[in-house]
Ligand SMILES: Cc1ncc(COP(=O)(O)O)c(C=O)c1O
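As a starting point, one isolated chain is supplied in structure tokens, in the form predicted on its own.
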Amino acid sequence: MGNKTKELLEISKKYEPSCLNWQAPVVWDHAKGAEIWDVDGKHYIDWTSGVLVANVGHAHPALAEALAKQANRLLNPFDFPTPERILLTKRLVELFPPHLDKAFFVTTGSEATDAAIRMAKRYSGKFEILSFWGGFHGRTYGPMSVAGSQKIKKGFGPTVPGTIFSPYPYCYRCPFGKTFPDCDMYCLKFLDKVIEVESTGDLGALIIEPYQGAAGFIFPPDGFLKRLENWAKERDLVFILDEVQSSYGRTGTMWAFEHENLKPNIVTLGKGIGSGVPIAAVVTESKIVNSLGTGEMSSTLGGNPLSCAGALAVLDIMEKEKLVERAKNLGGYLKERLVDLKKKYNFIGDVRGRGMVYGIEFVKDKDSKEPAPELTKEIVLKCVESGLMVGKVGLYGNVLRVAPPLVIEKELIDKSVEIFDSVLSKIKR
């Protein structure tokens, strides 16, 4: 740790709360593409994308130029539309299936979730919402209330009433002790029992992530989400798909719902939409948003012209540099390299993901599958010391996040995997 880093971390310790929970003692100074430099000049390859935000890479010159130009012209007229907001709305909606024809801008993913829940409750006229074990949808009160993890809610109760929880298909650790595909997605069949036991008969919506990020990059088996969508339609439920993390090319398609041709009623967006600029959105159907009266939904900084100019630049960059296609192709190559490491090390229990997002689950050994959170923490710190910026997540704190910016070059993928392999090879087991 360099002197400047030590100095700044001491200031942070004095004035910032410990609940911020930094992954490693590194103070970022600047970044470019998929590379980072700390305040002491040390270089890192980025496997975090700044928590899956910088899809078009850090400090992309076209994004920086668009922001600078807009900042010199207009920042935030709250009660009036701007060209940037109107043009972004049009362009965003045109990227979605025809039934999703309205977009509403907010500032964060949590705010988008909160708005989606409010829309669904108003439209359905019902207060119950189905969510899933391990789900994470934000830290404000509405989103926290539909979180499927105690550590997000502990000590903050009572939460907003009406949430019903059911297991997410975590096939590596099936809560029913079953094995896919022999189980025929038993977790879907279990939904009816959950509703029968827990609901008051006032279920109006469900919310789910295409893959669970905070829970450990848990991907459901192919076909699960489509069958869930059909289940929801049969019961006339509003289907909310939380794509705050999974959108903007991250999984190798622009929207994760494209993998199964889903037709959700509401989609929430965040993170990659601004690639570092604070903006999020709810994309939905006219019939749903029209259930709200004039002025019943607003956001002080949502859709401000600076953020909208940035979001427009992000779309330009993604199209020009073909980042969705790049994530699919180079992401497939990255997965091959990671799967090779799984075969090599007995403490890698699972590698899962698609496109440019993967979770590596560390265990004490492959047979027991016992989570190894302390080992994971050790690996994170040693990777960072070796110049590979990583972080850990997961219900047990034993999953390494692998989500580089979509602009990462093949050469950097190879170099980053080599660093990772070198760190793993020195682990004493």
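Note that residue numbering begins at 1 and tracks the sequence as displayed. Computed from a predicted structure; not experimentally measured.
Keep in mind that the form predicted in complex with this ligand is not shown, yet the notes after this line are about it.
Of the stretches 338-346, 133-141, 314-322, 221-229, only 133-141 has residues with a heavy atom within 4.5 Å of this ligand in the model of the complex. When this ligand is considered in the model of the complex, only one residue from T251, N304, N265, Q245 comes within 4.5 Å through any heavy atom, namely Q245.
Residue in contact with this ligand in the model of the complex (any heavy atom within 4.5 Å), chosen from S166, S145, T108, S124: T108. Among heavy atoms of E209, some come within 4.5 Å of this ligand in the model of the complex. Contact annotation for 256-285: a single residue, K271, has a non-hydrogen atom within 4.5 angstroms of this ligand in the model of the complex.
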